[in-house]
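One chain follows as structure tokens, the form predicted on its own.
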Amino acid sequence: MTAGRGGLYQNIIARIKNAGDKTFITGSSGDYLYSDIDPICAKIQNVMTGVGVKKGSRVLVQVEKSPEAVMLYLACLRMGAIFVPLNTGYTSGEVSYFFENSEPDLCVVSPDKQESFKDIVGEKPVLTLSSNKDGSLWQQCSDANAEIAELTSDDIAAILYTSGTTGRSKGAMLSNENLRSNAEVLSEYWQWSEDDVLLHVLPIFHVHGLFVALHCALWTTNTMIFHNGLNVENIIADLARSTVFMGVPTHYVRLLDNPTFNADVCRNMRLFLSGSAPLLTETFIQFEERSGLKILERYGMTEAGMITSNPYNGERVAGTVGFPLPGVSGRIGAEKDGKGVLEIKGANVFKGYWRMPEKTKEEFTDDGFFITGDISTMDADGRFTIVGRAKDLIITGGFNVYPKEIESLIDDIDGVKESAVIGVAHPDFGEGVTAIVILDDTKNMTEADIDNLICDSLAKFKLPKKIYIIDALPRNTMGKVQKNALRETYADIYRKLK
């Protein structure tokens, strides 16, 4: 098969054909071998075909992480159905929107969600799948004679909904080629080999865990050790038999909080990767001191998978997201003061938003670059640093303020664990710069202390008009700070000035 032609599943099958009885996933319900993949996926395909799923059908999925859930995803690829994974934390009200928008031919849910789904989907079929080889989907699996669908590289493989921090979530349509090209590039760039063992701790309803981690393992026929949820002791125990770990900053902070985490624990590890949220420079430094290894930070998003990466061989600079991956073009649009919105082009960039042609058109430039919405800088070597979201840009008194600049300054204060800076409606300035700070409990510190420590380092218009010390920042399941929630919480703090 010519590289890049046909469906992702066909490409995967071609790559794993010699893996045989090598372990694919080891999880709580037992081990699955590479030789198990196609027969199991064919059985699942037969079940889905029996309830009306066909090529191009959407399959809406809200199940717990498990090897069986991976097989369901691969079965959708096999038959050309469009996989639509949902965050397991979404409520029934939130799920209703995704159901109405995607119009699936089948919903697959955890057994405990079956009744609530029936109220949402009406006459549409609902099957269940649990993490212990149970549920109606698994129980109905028998025949394994379904044929692999003939697909083109442009056929849509999955729809992943954006986090929806402003307005309704949008369904990003990812093609077989979007996913295939990213898997191929990342496997080479991060120097995966068939001897690697991936410690998989991420959820699989998100680009990071579903596409980046899973596809890299499949592309190089690696074994994956599956963890469902964050248990630091279990992670540390399994690091000794792993070589690659993908995590979000919260994972690394939790590992550092455990006194048993050290270089000996990491003796077999060759690569720690971080993404989905910014990694603090302090965490980067402390992790290297404890483990002897530098975290490799990269940058990606729902609409494009992975976009940039610090080098595997070469300097990994804390706070930066490195260089555009091979085949990806990146540039700074509408640059001002060295900053601007990052624009990208490449085979990894999605096909558009599901049933939103006008919104899709708005997000691309006339020459075909996708406008990421992330404000970035680029140094003389071509290395990118993400400094904030365009929607998070604060305009106060007519001046632009980039939250990341202030957050970095506050985060460097001894006694501060992390911070989030937001703009809040202000009667005089339009928006008032507002800092939300988390302390690390090593020092007694007040809001006034923080203000005094940063006041000489920033222009007056950048200084927070109010600083709040709280216990924790609101985050989504991938560890990203939910600034929209903070803006709602502090929406009225300047109202009394009117």
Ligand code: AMP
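In this text, the rigid core denotes the largest set of C-alpha atoms whose superposition between the two forms falls within 1.5 Å. Note that the structure is a prediction, hence the values are computed from the model and not measured. Heads up: residue numbers just count along the shown sequence, starting at 1.
Omitted here: the form predicted together with ligand AMP. The next part is about that form.
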Q: Answer for Gly275 alone: is it within 4.5 Å of ligand AMP in the model of the complex, judged on heavy atom distances?
A: yes
Q) Is Trp192 close enough to touch ligand AMP in the model of the complex, meaning at least one heavy atom pair within 4.5 Å? A) no
Q.
Does any part of Ile395 reach within 4.5 Å of ligand AMP in the model of the complex? Heavy atoms only, please.
A. yes
Q. Quick one: does Gln286 come within 4.5 Å of ligand AMP in the model of the complex, counting heavy atoms only?
A. no
Q) Picking from 139-147, 173-181, 407-415, 205-213, which part of the chain touches ligand AMP in the model of the complex when contact means heavy atoms within 4.5 Å? A) 205-213
Q: Could you work out which of Ile120, Val328, Met301, Ile156 is the residue within 4.5 angstroms of ligand AMP in the model of the complex, going by heavy atoms?
A: Met301
Q: Taking 4.5 Å between heavy atoms as the contact cutoff, choose which of Lys113, Arg389, Arg316, Arg290 touches ligand AMP in the model of the complex.
A: Arg389
Q) If we check ligand AMP in the model of the complex, which of the residues in 320-359 reach within 4.5 angstroms of it by a non-hydrogen atom? A) Val321
Q) Does superposing the core leave Glu431 with a CA shift of 2 Å or more between the shown form and the other one? A) yes
